[in-house]
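So this first bit is one chain, no partners, the form predicted alone, shown in structure tokens.
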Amino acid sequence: MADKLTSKRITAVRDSQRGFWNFLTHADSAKRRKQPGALDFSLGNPHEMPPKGYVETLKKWTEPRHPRWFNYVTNDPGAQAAVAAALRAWRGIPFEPADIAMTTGAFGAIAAALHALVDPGQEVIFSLPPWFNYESMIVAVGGVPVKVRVDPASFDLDLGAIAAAITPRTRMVIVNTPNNPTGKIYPPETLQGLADLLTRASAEHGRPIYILSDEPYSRLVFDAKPLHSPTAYYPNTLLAYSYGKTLLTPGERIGYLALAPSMPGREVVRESITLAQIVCGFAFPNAILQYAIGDLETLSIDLDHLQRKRDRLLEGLRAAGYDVHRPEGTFFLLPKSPIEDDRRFCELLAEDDVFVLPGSICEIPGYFRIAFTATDEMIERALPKFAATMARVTNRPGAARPG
């Protein structure tokens, strides 16, 4: 019936999203996650109040300065200048205000890049495990998703697999660093190697292959580890960023798409991105958020506290027998499921009101993802339940469910 009532494109999007959509809306746990006392670690939603100064900043910029304050706004020049200045100071790369497109979060930045640069039938390569919306967004523009796996031991990009996946139809490679869900930051040698192979492939096929560098977690980096961006290695790179992660306010949709200042022909790409945002339903952030961006740039959630939560979960999970690596960034852990069926294991956790995301939804079966945007109190209540569920499936002592 859906094939008769909706477009083939949306039917294909629905099919690519079915696993995540069912988890999010239709599973029994979707209702139970919202109940009082539920320990919801499934998505990166806030469980604490926003950073100090956030609400005051929005109130400040809501007050109109002139009669045109609430006019249509595409890319506010003040917002573009503030972002470019912050990027220059942060990355040491001479980004220009004109090369900044203000978007509705990184989600909107990715959509604008795909609509502007990818034609039907062209291929977009991304690595597994991915953010679970890449495939559907590629399908939505008529593109062809091409999936390659990361190195299973290090979670680093598999450059050999990417090189083997490139064809004359390849238009773009998506790189997500720090990676959701692995927390991996790709090192300079990997990014330089990727740049070298894409430079060769672009020359061979007679048109640029772009990198879309998805970096919404690039300020959420632990242990003072440096963040390396493809924009420093490859001219044909677009950088997608979201303030919803750094501020942990995902419902307030603002981010940007920045063109590497060394990109050839970027004036044409700028215009194409703006047109893509217009035909996508005027997909620009609302005026108030754009006016406020200079002030919002100075705010952040407490990174030290976030790192302490990561470390507490690592300590408790490893003590309970879980195999879990230490993420270098993001606010996710990716433990191995102690049983092969990760969905079943997540169901067992849900019986104790602990809700996590099965790895199979992120195309990494045998794992599950924990979002540690939770409160300290939630973490302390959850750790005995994680331990008890592990004991139940491994027949360890102490397998009784905690009260």
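All residue numbers refer to positions in the sequence shown, first residue = 1. Because the structure is a prediction, the values reported are computed rather than measured.
Omitted from view is the form predicted together with a small molecule, to which the following refers.
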query: Which of 273-281, 130-138, 221-229, 156-164 lines the interface with the small molecule in the model of the complex (heavy atom within 4.5 Å); finding: 130-138
query: Heavy atom within 4.5 Å of the small molecule in the model of the complex - the one residue of Tyr291, Tyr233, Phe126, Phe107 that qualifies; finding: Phe107
query: 4.5 Å heavy atom contact, Lys245 and the small molecule in the model of the complex; finding: yes
query: Pro216: touches the small molecule in the model of the complex, heavy atom cutoff 4.5 angstroms; finding: yes
query: 4.5 Å heavy atom contact, Arg310 and the small molecule in the model of the complex; finding: no
query: His115: touches the small molecule in the model of the complex, heavy atom cutoff 4.5 angstroms; finding: no
